[in-house]
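Read the single chain below, which is given as structure tokens and is the form predicted alone.
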Amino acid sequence: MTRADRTQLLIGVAALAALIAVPFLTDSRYIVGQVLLGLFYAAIASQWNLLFGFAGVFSLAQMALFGFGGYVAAMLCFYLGMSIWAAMPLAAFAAAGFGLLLGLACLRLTGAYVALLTLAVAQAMYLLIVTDTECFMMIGTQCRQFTGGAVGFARFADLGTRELFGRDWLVANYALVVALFALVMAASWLIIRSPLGLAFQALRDNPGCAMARGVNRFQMQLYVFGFSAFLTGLAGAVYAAHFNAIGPGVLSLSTLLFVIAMVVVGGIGRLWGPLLGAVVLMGADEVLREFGEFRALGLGLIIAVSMVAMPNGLIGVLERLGALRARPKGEREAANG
């Protein structure tokens, strides 16, 4: 194991310990709920970071994959009466299949063209759901659309935590989401440091040279779409299970931009950038909530300043400080001077 791997592992252990400690440090259900929501965003952001930051694929379908996983889990429970615990992994595999289809559609595209196509798919999915008004089945005297329409699905499943843990059910759900986040980050780390991850980064940095050395761009693009979609879809299924609801609001463009901003602020192409970005932006959003109409302006300023002053994100700044401290004293003084 290299020094960089040990550093990443230590950061992961410290982050996991901090997350586990949250319910023991506060009795506020609101704070626990906000940290839980931030972990969902960080999980989505980490997979967008895998796609763009490490593989160089500028996809804008991340919230569509997240919503796809959530909707599949909800529909399996609602229509087939399946247990949510069985529906969640099935939804993840369904999202992986959807991601592979997206990858196939983008095989001959690069850069902004991939972004436009994936954004079009996400918006088409949103419009198909909100405009679904045809009656699929009757529940009592109420007509139900196949996709739930603009209302979505609610009260379709139960994780069982309320019965098992009573008033501590939120802490139990929080533990599940922490485990999900740990799984997502561990899988991302293993992929990045594997030969596949090296191939992703080679195609990102120099596609021509990588393909000349035998790296199949089409195959690698399918792999990264599939991996990212599986983990994002799993996060969507757990989101639907926790809230016991899913609706077209998860597909909104503003949510997608908020998630992407987390990666930009934290550091694109850095493993822990999405988590740090999620901490900063969720904290800033909570503070700016008191300022009403200036909330969006404040977040926009934070993101703009981060892009200009810290092009490599907060992780990049920390890496630069760490490298500076590692230099001999004379070199540090020369660098600061």
Partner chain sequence: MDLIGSVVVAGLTTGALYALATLGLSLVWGALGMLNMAHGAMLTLGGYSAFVIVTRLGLPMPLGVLASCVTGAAAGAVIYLSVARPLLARAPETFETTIMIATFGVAVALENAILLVFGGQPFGQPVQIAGTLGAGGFTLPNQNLLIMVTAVLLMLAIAAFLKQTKGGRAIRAVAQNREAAELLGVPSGRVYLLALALSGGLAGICGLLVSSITQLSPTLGADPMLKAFIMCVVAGLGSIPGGIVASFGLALIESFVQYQFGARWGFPVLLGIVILVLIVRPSGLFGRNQVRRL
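Worth saying up front: this structure is predicted, and the values here are computed from it rather than measured. Residue numbers count along the first chain shown, from 1.
Another form exists, predicted in complex with its partner chain; not displayed. Remarks below refer to it.
Taking non-hydrogen atoms only, Phe40 never approaches its partner chain to within 4.5 angstroms in the model of the complex.
None of the heavy atoms of Glu290 is located within 4.5 Å of its partner chain in the model of the complex. Taking the partner from the other structure, its partner chain in the model of the complex has no heavy atom within 4.5 Å of any heavy atom of Gly160.
Contact check for Ile31: no non-hydrogen atom falls within 4.5 Å of its partner chain in the model of the complex. With respect to its partner chain in the model of the complex, the three residues Leu10, Val22 and Gly283 uniformly fall beyond 4.5 angstroms at the level of their nearest heavy atom. In summary, among the residues Val151, Ala179, Ala124, Ala186, the only one with a non-hydrogen atom within 4.5 Å of its partner chain in the model of the complex is Ala124. Checked against its partner chain in the model of the complex, the residues Leu164, Met137, Leu198, Leu128 give one hit for a heavy atom within 4.5 Å, which is Leu128. Partner proximity in the model of the complex, defined as non-hydrogen atoms within 4.5 angstroms of its partner chain, places exactly one of 66 to 74, 23 to 31, 45 to 53, 270 to 278 at the interface: 45 to 53. In the model of the complex, Arg108, Leu109, Thr110, Gly111, Ala112, Tyr113, Ala115, Leu116, Leu117, Leu119, Ala120, Val121, Gln123, Ala124, Leu127, Leu128, Thr131, Asp132 are the residues of 108 to 132 with at least one heavy atom within 4.5 Å of its partner chain, listed from first to last.
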